[in-house]
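Here we start with a single chain on its own, the form predicted alone, put down as structure tokens.
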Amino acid sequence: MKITFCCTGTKAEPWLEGLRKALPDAHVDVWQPGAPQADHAVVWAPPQQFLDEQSALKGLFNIGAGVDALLRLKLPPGVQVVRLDDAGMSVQMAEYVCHAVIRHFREFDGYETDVKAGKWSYRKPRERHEFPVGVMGLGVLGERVARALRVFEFPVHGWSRTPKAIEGVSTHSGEVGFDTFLSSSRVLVNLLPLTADTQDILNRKTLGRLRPGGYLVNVARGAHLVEDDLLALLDSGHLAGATLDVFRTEPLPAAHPFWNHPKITLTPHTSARTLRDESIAQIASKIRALEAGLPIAGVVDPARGY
């Protein structure tokens, strides 16, 4: 069995070493143009040339949770695109979102500003029941985030394309449930996959349906957000602020208005990083299952985009 590695911007040697150890009977190498055909590939942002040349691939394993960029390329016929189910990402995402929500709810951002100005301030405690959090997207990451928020006793709503039940979470689904979900939420957390249907879903209309003083946490993809609409809603006062980890252009351009907006907190796409050892173990397990003719989790439906 031959496995090829083609991950743009990723140091290859630790991945090769880990894959060789996990799959000792496999030949694992970094892809080079003109290389022999491989059975499976481990990829991140591969060039189209790679996919054109590797036309006999059975499995295409993406080392990130999002596969939107990969699905925009022309894929070999019959290949199964496989995403990571978790691999240590869900706990990181839960940490990040809970931190962002609590920081806003407890007004730690305001205290930080006051302290920098040398001001000893007092803010009236807020009522938790007045800060319902809506989690948009209830996959592996979204469900973990929703459950984590419940630990802090926030009212939590969840929305997904199809119905889903999560203990302690008020769930909504489909177009019928979308408006109710938005109007029930004061804090909106976006964890949707990026597809043709979800691009620009965070716009003036949808964000305007949040409760007054709403707050956005976007940890999915930058293309979900219409940036000018967010700025307008922040400047009008309908939204109180936003924490953004993802952007349409990354790195964020130096002249972008997000950098210096007083109501926006930025992080450099770091909410949930790929953990190499956990990812290698999961990929190796799935390759062994595929070679044995067994079903695996995480196979992407190209028609749905996730």
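In case it trips you up, residue 1 is the first one in the sequence shown, and so on. This is a predicted model, so every value here is computed, not measured.
This next part talks about the form predicted together with a small molecule, which is not shown.
Listed residues L216, A87, V156, V219 were compared with the small molecule in the predicted complex; V219 is the one with a heavy atom within 4.5 Å. Contact with the small molecule in the predicted complex, judged by any heavy atom within 4.5 Å, is made by just one of E112, D197, E227, D235: D197. With the partner omitted here, the stretch from 52-60, 251-259, 34-42, 238-246 that lies within 4.5 Å of the small molecule by heavy atoms in the predicted complex is 238-246. When contacts are judged by a 4.5 Å heavy atom cut-off, K164 counts as touching the small molecule in the predicted complex. The small molecule in the predicted complex is approached by H269, whose closest heavy atom lies within 4.5 angstroms of it. Looking at V140, you'd find a heavy atom of it within 4.5 angstroms of the small molecule in the predicted complex. Interface membership of P193, defined by any non-hydrogen atom within 4.5 Å of the small molecule in the predicted complex, is confirmed.
Proximity to the small molecule in the predicted complex holds for all of R83, M93 and R304, with the criterion being a heavy atom within 4.5 Å.
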